[in-house]
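Quick setup: one chain, the form predicted on its own, written in structure tokens, and binding and motion questions come after.
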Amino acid sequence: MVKEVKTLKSFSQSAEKFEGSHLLCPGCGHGIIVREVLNAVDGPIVLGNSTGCLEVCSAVYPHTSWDVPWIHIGFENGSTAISGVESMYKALERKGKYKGQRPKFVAFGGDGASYDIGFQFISGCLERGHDMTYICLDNENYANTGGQRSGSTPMGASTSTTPAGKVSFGKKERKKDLPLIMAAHGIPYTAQIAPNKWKDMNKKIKTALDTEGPCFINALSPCPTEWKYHSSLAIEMTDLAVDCLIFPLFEIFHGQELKITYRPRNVLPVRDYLGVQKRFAHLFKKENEHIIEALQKDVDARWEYLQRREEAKV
């Protein structure tokens, strides 16, 4: 059973299945997102976890933070592993060898495992129609291996492989639009979530886990180490991200019906979001100001596109 958590008090009273004894950085969004997923499920659940910060920090031998069945596997195939488990349960049920409650099947991967290395594996799982939910913990870089750029890293960000300097303004390519690519598979449910909007996040997690068939969720997960902000400001980072629309919140049903789930009353300029992260500090030099303008144009155009899709129901 998947429950809707209506108050923070009821959220805090849920049985903990992801214990606090992990090594995730203070101010990292991963733990918030994982706890909300696990606390929403009262019945059995099986997790797959691609290599990344979550795996590295939650299972340092001989310790573990997981109080549920959990499989760690390579960068590329967390989705494949959990689709195999889902298939196994179906086979056992057909043969009459398993008659219990069918678990929820969830795979976690970072943006490196989702946008880049595991991209085709996730696509295969969605195309085959497995009854599972894939959740990308999107911190916009390979944070567990030194902060290299990924397909999710925004244009202009300085990373260890796209360092800003005299001849470079940082990453030159735009962020890949993974949620819309995954929705284009025609899967039953796709969503984008952020930890600061926890009720919206819980509602979408419940929708995904209650939906039969493959679902994909892209979760913004702020990274204090590589975004370079104070660890106490994680929620403020996500507030700025959704209020300036660089990370809009929406859901898509069956690859077509798009619904925007949060409209800021006062839309902030993108520079307010960029200005509090040292990975973008160089963009505020006069010679790089045009990148901020380009990012703002991209955000405005995408917001217009999302609104038009919602209106047209396509």
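Just so it is clear, the model here is predicted, and its values are computed rather than measured. The first residue of the shown sequence is 1; numbering continues from there.
What follows is about the form predicted in complex with a small molecule, which we do not show.
Listed residues 162, 144, 207, 80 were compared with the small molecule in the model of the complex; 144 is the one with a heavy atom within 4.5 Å. Just one listed stretch, out of 48 to 56, 263 to 271, 35 to 43, 242 to 250, contacts the small molecule in the model of the complex at the 4.5 Å heavy atom level, and that stretch is 48 to 56. Taking non-hydrogen atoms only, residue 279 never approaches the small molecule to within 4.5 angstroms in the model of the complex. By the criterion of a heavy atom within 4.5 Å, residue 89 is excluded from the residues contacting the small molecule in the model of the complex.
Though the partner is left out of this view, residue 214 does not reach within 4.5 Å of the small molecule in the model of the complex, counting heavy atoms only. Using a 4.5 angstroms limit between non-hydrogen atoms, residue 75 touches the small molecule in the model of the complex.
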